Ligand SMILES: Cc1ncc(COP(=O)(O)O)c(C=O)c1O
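Shown here is one chain on its own, the form predicted alone, set out as structure tokens.
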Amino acid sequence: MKPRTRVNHPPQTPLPAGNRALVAPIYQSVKFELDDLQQTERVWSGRADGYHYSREANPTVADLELLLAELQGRDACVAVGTGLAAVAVTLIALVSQGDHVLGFVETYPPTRRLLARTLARFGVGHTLLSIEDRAGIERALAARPVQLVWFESPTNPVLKVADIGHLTASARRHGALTVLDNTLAGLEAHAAFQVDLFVHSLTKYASGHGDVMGGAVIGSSELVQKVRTQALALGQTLDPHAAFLVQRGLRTYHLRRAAQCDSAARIAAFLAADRRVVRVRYPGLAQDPGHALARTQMPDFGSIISVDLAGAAEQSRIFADSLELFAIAASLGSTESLIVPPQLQQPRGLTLEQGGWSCITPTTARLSIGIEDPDDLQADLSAALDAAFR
């Protein structure tokens, strides 16, 4: 074989029987071949197991999907390129023209935009309520057929805790599916509830290092297959190298999350005791409105803290600019601590009444606690408060 041919058909070194890599290899290949045409036809048609094209399926991605489904306590998972892609393919897979979705103002803004702009163009209606409006939820479900209830718990950014048992029971009674964006709560949270599908942004806690994006939809095999079919139709494929990086991040997930939650509890208590902070929302605080519910629903209280500073927007700006260890950046759940200042998270696309329901004020900042030493984080926050209120 001549060199030009050999470099495109290189020799391979198979591992001996009983010998395997401790870390699974990355199948960084778009194409897979089979031994003959008959077997290829069977795999391509779905009559036999196997891989032929990584947009359809890839072993590295499949390994990640198996792990995520097991962590969430469900049968199946489909992984896609981003957290928002997971939201989008789920919505598109589950609703059709004329259907109605019940959502909430305390929801990830891009999800609200998908409902209000994209799906509305195709004849899908929606209602937005507050996650705390139990009576309103009952009325909305009884007033008209609702195909889907989409919610978060805790909500982003003010960490309201949904009554998941009540919400899922009400939806089931009225024939609606429920989807829970479980990103803030973590990969194992809320598995005991009758949630039909869980959505996660793998960009956050799963990867944990801020260097890869991904999303996952987890639930029953039947529903996940509906979502997978839609994801494939839209080309929403997770790259195998990204899947490998998420798997690598998951090896330290429990260690990271435990440290982050412990630090967040300490920092939330510190901020709640400071007179320059008028409100701290953190489910781990006994005085938090969602504390009692969170204790019954969540394995931990998370690593996100929402704070309202005293003063005006100027104090919030100085506070954010004075922080040394908290980067002003989007996302959350990574090893470094982050802040989203009030100026970057004011409600958009909501009515005045809905903006009030959101509880986001002109001084609301969101802190994502990383794995730095909590003493250093607390000192940084204290110095920034001193600068803001000097």
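Fair warning: this is a prediction, and the values are worked out from it, not measured in the lab. Each residue number is its position in the shown sequence, starting from 1.
Just so it is clear, the following notes concern the form predicted together with the named molecule, a form of the same protein that is not shown.
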{"item": "Output flag, G302, I339 and S368 jointly within 4.5 Å of the named molecule in the predicted complex, heavy atom basis", "value": "no"}
{"item": "Segment that reaches the named molecule in the predicted complex - one of 119-127, 160-168, 273-281, 81-89, heavy atoms within 4.5 Å", "value": "81-89"}
{"item": "Answer option from Q230, Q297, T237, N156, heavy atom within 4.5 Å of the named molecule in the predicted complex", "value": "N156"}
{"item": "One residue of A243, A189, V95, L184 in contact with the named molecule, assessed in the predicted complex (non-hydrogen atom, 4.5 angstroms)", "value": "L184"}
{"item": "4.5 angstroms heavy atom contact with the named molecule in the predicted complex for K204", "value": "yes"}
{"item": "4.5 Å heavy atom contact, L64 and the named molecule in the predicted complex", "value": "no"}
{"item": "Heavy atom of Y108 within 4.5 Å of the named molecule in the predicted complex", "value": "yes"}
{"item": "is_contact(C359, the named molecule) in the predicted complex, heavy atom dist at most 4.5 Å", "value": "no"}
{"item": "Partner contacts for 205-229, taking the named molecule in the predicted complex and a 4.5 Å heavy atom cut-off", "value": "M213, G214"}
